[in-house]
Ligand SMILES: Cc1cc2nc3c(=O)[nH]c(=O)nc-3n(C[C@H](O)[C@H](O)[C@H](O)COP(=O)(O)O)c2cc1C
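Okay, here we've got a single chain as structure tokens, the form predicted alone, with questions on binding and movement later.
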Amino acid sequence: MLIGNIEIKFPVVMAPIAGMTDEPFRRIVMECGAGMTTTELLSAKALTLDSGKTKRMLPFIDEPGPVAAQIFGGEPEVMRDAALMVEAGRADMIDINFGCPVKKVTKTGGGAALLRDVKMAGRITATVVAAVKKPVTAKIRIGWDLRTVNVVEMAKTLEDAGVAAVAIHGRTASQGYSGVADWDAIAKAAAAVKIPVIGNGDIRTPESAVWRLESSGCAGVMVGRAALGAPWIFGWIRSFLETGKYGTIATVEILNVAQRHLAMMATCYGEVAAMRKMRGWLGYYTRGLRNGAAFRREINRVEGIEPLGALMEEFFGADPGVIKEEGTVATS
């Protein structure tokens, strides 16, 4: 899959998720086989106001790619200036968010609010595209609500404005993450434009990823929440595409991934913040495992990287025969 001049060698990519797709996790999913990653949602206004916190969320100079930086905002000139700042850094492409339904984003006139103003979305996009040389992409939903599904119009408008690809989440902004993703609407949009379309929504297993790749007309698919605590899903999807089969993962292998994740977070954030953040991640890594609830209670009582690491080794190493497969647990 080509996005502008950027080759995406594997058409299964990691969705941007606020609070989750930071630099350590982006590295983890790339190591596990993702085709590309995208940063957390970044405020264009904050970037232009030189917010140190927001700038630190941009791609790191040495991180693997392709990686996109995703920005949001409702003012064309501010979005242009933020895109120029992004272009000067590591990011391979600039992604514009027209899909986030969170109120603090939509109240700025950005994110999914632009689904109700297609002309302004096109104007913002054209302004950004004209200002930068790197590929510009967009992330959208199928509409604001079920009465105003306008995904085909939105995709065609963005294509006319110059985007190199569009990712479509198959729910409306009003649905949030409830209900079922409408892949028929995604397929209609994919058929209506010439640029690559990446479908997103309810990709939870290798089977669902391959099914959507083969049936939707999309050039790629985007995995979101299913990869949290299970980044190896990208390797499983690759295996299923190539061989029709995929394996399982033993707890000792989960431990190896979690240890690497913790080490990278300590480098990125410092030990205190890394320990706090890792508690949340371990909730995902232990999902579905025996005695996981007791382990999660225990890690909330420890302080320090070393005690946390010791508890991780004790828990995941206690029964290396336990495996995770499609969210279930069995003993080998």
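Heads up: residue numbers just count along the shown sequence, starting at 1. Source: prediction; values computed, not measured.
Absent from the display: the form predicted in complex with the ligand. The rest refers to it.
Check: Since the chain is shown here on its own, which stretch among 196-204, 157-165, 78-86, 242-250 would lie within 4.5 Å of the ligand in the model of the complex, judged by heavy atoms?
Finding: Selected range: 196-204.
Check: Which one, N97, T172, T125, S216, lies within 4.5 Å of the ligand in the model of the complex by heavy atoms?
Finding: The option sitting close enough to the partner is N97.
Margin query: Exactly one residue in E271, E63, E31, E40 has a non-hydrogen atom within 4.5 Å of the ligand in the model of the complex; which is it?
Written below: Selected option: E40.
Item checked: Triplet R26, I254 and W281 all within 4.5 Å of the ligand in the model of the complex via a heavy atom -> Negative, none of the three is within 4.5 Å.
Check: So, in the model of the complex, is G224 in contact with the ligand at a 4.5 angstroms heavy atom limit?
Finding: Contact check for G224: yes, within 4.5 Å of the ligand in the model of the complex.
Next item on the list: Using a 4.5 Å heavy atom cut-off, state whether A310 contacts the ligand in the model of the complex.
Entry: A310: no, not in contact with the ligand in the model of the complex.
Notebook entry, point to check: Even though the ligand is not shown here, does A18 get within 4.5 Å of it in the model of the complex, heavy atoms only?
Noted result: A18: yes, in contact with the ligand in the model of the complex.
Next item on the list: Could you confirm whether T286 comes within 4.5 Å of the ligand in the model of the complex, counting heavy atoms only?
Entry: Contact with the ligand, no.
Checklist line | Members of 133-162 lying within 4.5 angstroms of the ligand, judged by heavy atom, in the model of the complex | finding: Residue within 4.5 Å: K139 only.
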